[in-house]
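As C-alpha cells, one chain now follows by itself in the form predicted alone.
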Amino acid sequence: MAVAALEGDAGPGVDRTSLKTKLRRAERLNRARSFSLVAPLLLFVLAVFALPIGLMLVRSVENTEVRDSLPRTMVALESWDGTATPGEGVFAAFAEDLVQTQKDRTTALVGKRINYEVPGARSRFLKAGRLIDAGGGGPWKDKFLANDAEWGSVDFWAIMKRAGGVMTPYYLLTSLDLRQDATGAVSWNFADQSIFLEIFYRTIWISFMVTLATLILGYPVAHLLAILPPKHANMLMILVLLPFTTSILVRTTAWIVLLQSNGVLNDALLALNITTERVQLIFNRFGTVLAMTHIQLPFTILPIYSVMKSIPASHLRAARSLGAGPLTAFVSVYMPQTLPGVGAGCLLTFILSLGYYITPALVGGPQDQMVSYFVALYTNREMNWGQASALGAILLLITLVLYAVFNRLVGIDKVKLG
C-alpha cells in the first residue's frame, strides 16, 4: 500500500523504481533495528535456557567413556559374532588399551561405566589394571581368564560391545525402571533396583497435593483482595507478597523451627490439651506439603486475583435481581469467570512444585524426596551425569505431557496470568 501510494503521488519526472527501492531499504532498516532490540533477550534465553536443556538431552544419551578409553578393543569387537568368548585378538587389543588407561588413570572410570550394567565390573577392571602393571606378555586371553573367570562371559563382552556405542539408551531406560539384557531385549528392571517410577509418581502426587492446598487456601484470599476497598486490599496484598522478600531457604528453616518436636506448634497443641504427647510434624509428608504450600501460595493467589479484579460487580447484582440466591449467583455466575485465573495459578504452582529440591530435603523424610533430590545426588555425589540428565529429561517430558493435557482439556488460550 505504501509503495502504491508513493507511485501514485510521484510526478512524471520521478524515478518510481528508485522510490520503491528506498522504501524497501527503509523497511529492512526498521526490521533490523527492531531485531537488534530483541536480540539481547533472545541470546540470553538461548544461553541460559535453551542451551542447558539441549546439553542435558544430549548428555542423557551420550556414551563416550568406553569408546574413548578402549578404542582398539571396540574395533576388535566389531568382527566378534557374540556366540563364544572373544579370541586372543580381542584380549590383546584390550591389554593394549589397559596399558594406556593405566597411564591416564582412567581404568576405574571405564570400570565404573560398565559397572552400571554389570555389578562388580569396576573391581574386575582394577584387577586387570594391576595385571597389566605387573608386566609380561601374552597370551592375554589365558592371563585374563586366570585373573578373573568372568572375563570369559559372553554376556559380559556383549555388554562391553554395546557400551562402546556413541549413544546409549541405558540412562533413559534406567530412569523408567527398565533394563537391557545382553541380547538387547528390554524388560523390567530387578525389583531391588526399580525405584524411579515410584519417585516420579511421588513427585507428581506431592505437586498435586500442594496445588490443591494452595487453591483451597488461595481462592478465598484472592476473592477478599478483589472485593475489599483499595486501602485494605493494598495492606492485604503486602502481606501476600511479603514472603518474596525472604529466600526459600529462610522460609523452609522457619518451618523447621515451628514443626520440630520441641517447636512452637507442638507446645501450642500441648498447652491447649489438643494432644497429650508431642506429634511428629516434620520429616514426613505433612511437613513437606505444608512448607511447599506456604511457599507456593502467592503464585496461586496472584493470577486468580488478577482475573477476579476484572470481573464487574454488576454481574452478581444482575444474577441476584433475576432471583438467584447469593450462593447460586456466586457458583453459577462468578466462579466460571474466574476459571482462567484458577487454571493459570494451578498450572504455575504445579509446574514449579515438580522441581522442588531444598524444601523436601530439609523438612521431608526419606520417602518424601522428589526427582530433583536424585538429580542432585547423581550430579554431586555419584558423579553420574548421564543418569542425572536422563532423570531431568524424563521430568521435562512429564511436564510437557501434562501441559499438553491441560491445553487439551482447558485450553492454554483461556488462561490469564494478569
Partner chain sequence: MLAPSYATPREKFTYLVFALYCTLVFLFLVGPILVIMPLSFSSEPWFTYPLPGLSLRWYEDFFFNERWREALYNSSIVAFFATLIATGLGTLAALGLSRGNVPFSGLILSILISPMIVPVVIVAVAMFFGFAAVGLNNTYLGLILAHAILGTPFVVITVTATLTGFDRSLTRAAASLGASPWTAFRTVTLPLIAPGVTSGALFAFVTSWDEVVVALFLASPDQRTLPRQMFSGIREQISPTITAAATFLVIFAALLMMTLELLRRRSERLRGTLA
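Numbering follows the first chain given and starts at 1. Rigid core (definition): largest C-alpha set, two forms, superposition within 1.5 Å. None of these values were measured; they are calculated from a predicted model.
Heads up, the form predicted together with the partner chain isn't pictured, but that's what we're talking about next.
Proximity to the partner chain in the predicted bound form, taken as a non-hydrogen atom within 4.5 angstroms, holds for one residue of 146, 185, 191, 249, which is 249.
Of the candidates 109, 333, 176, 256, 256 is the one whose heavy atoms come within 4.5 Å of the partner chain in the predicted bound form; the others do not. The partner chain is not shown here, and in the predicted bound form it never comes within 4.5 Å of any heavy atom of residue 367. Heavy atoms of residue 375 reach within 4.5 Å of the partner chain in the predicted bound form, making it an interface residue. The closest heavy atom approach of residue 267 to the partner chain in the predicted bound form falls within 4.5 Å. Although the partner is absent here, residue 76 is not a contact residue: none of its heavy atoms lies within 4.5 angstroms of the partner chain in the predicted bound form. For the marked spot (205, 279 and 287), a heavy atom within 4.5 Å of the partner chain in the predicted bound form is absent from each of the three residues. Checking 193-201, 109-117, 234-242, 176-184 against the partner chain in the predicted bound form, the stretch whose residues place heavy atoms within 4.5 Å of it is 234-242. In the predicted bound form, the residues of 352-386 lying within 4.5 Å of the partner chain by at least one heavy atom are, in order, 352, 355, 357, 358, 361, 362, 372, 375, 376, 379, 380, 385. The Cα position of residue 32 differs by less than 2 Å between this form and the one not shown after fitting on the rigid core. By 3 Å or more, the C-alpha separation between residue 341 and residue 49 grows in the predicted bound form relative to the form shown here.
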